[in-house]
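Before any questions on binding or motion, here is one chain by itself as structure tokens, the form predicted alone.
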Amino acid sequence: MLEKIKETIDFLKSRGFNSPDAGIILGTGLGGLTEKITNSIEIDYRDIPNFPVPTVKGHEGKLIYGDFGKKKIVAMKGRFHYYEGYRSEQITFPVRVLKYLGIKCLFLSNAAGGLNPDFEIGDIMIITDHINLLPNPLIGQNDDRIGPRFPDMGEAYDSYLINKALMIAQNHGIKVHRGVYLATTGPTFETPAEYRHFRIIGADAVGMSTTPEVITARHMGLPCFAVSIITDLGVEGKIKYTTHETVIQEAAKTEERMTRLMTDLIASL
């Protein structure tokens, strides 16, 4: 794997991707945050050696390097999912590339269904922990040069970054929740019985991404910060017909607040 990582790194450096401070992975309908990146360099995933190509609407498929929040960042405008047919190592390969490019922290966002009865559509949830029901991306032979065989996940989401984000949200008057994110394979949205089950086992929101990337990042010692945008509700009495289009629309409405939070948080690194 290191050989493929090196090949991809060499290509990106030849295009001007040098020493980024942080990496950002943007979820469904949240790619507009990249409009805040200045002095940017953009490359389509299809032109990057060893990168997969997203097949889902709302995931454009561009890697963007530039200035954001007074820092140099690399942003993934679009991610990859297990339900697209990609293997776990393909889904998480870009995270390993970002690490070897030099990022010090990984920031992630996703669109999710709210399970907590206190949540409403449009809320922002800072992820404090997760329940991973996707195949673990570390299954298989381990390369000790990249990370340990049995990485600890006691603090999958960095407590310092979480506390910093809470202070930033308070200063800006941005309402945020904290909670546990649960990841399923998708691509179906959940049944009412599944919503109840996930809530019983401790989840506050449910989606189809993020956990493989966080597990991979922690395998390499990268601190992570992640947020969910609540785009639909899986709370009994509030469940409505959901489509991918409505998820994209609701995510876009919250994008400005999420961008402000992320900008200030990255600037504070």
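Residue positions are given as counts along the sequence shown, with the first one as 1. Here the structure is a predicted model, which means the values were calculated and not measured.
Missing here is the form predicted in complex with hypoxanthine (HPA); even so, the following discussion is about that form.
- Though hypoxanthine (HPA) is absent from this view, in the predicted bound form it lies within 4.5 Å of a heavy atom of just one residue from C224, L26, I215, V206, which is V206.
- The contact with hypoxanthine (HPA) in the predicted bound form, taken as any heavy atom within 4.5 Å, belongs to G113 out of G179, P137, G113, P94.
- Contact check for E190: a heavy atom falls within 4.5 Å of hypoxanthine (HPA) in the predicted bound form.
- Interface membership of S228, defined by any non-hydrogen atom within 4.5 Å of hypoxanthine (HPA) in the predicted bound form, is ruled out.
- Among heavy atoms of Y86, none comes within 4.5 Å of hypoxanthine (HPA) in the predicted bound form.
- Looking at Y82, you'd find every heavy atom of it more than 4.5 angstroms from hypoxanthine (HPA) in the predicted bound form.
- The stretch among 104-112, 119-127, 146-154, 170-178 whose residues place heavy atoms within 4.5 Å of hypoxanthine (HPA) in the predicted bound form is 104-112.
- Shown here without hypoxanthine (HPA), the chain has no residue in 116-151 lying with a heavy atom within 4.5 Å of that partner in the predicted bound form.
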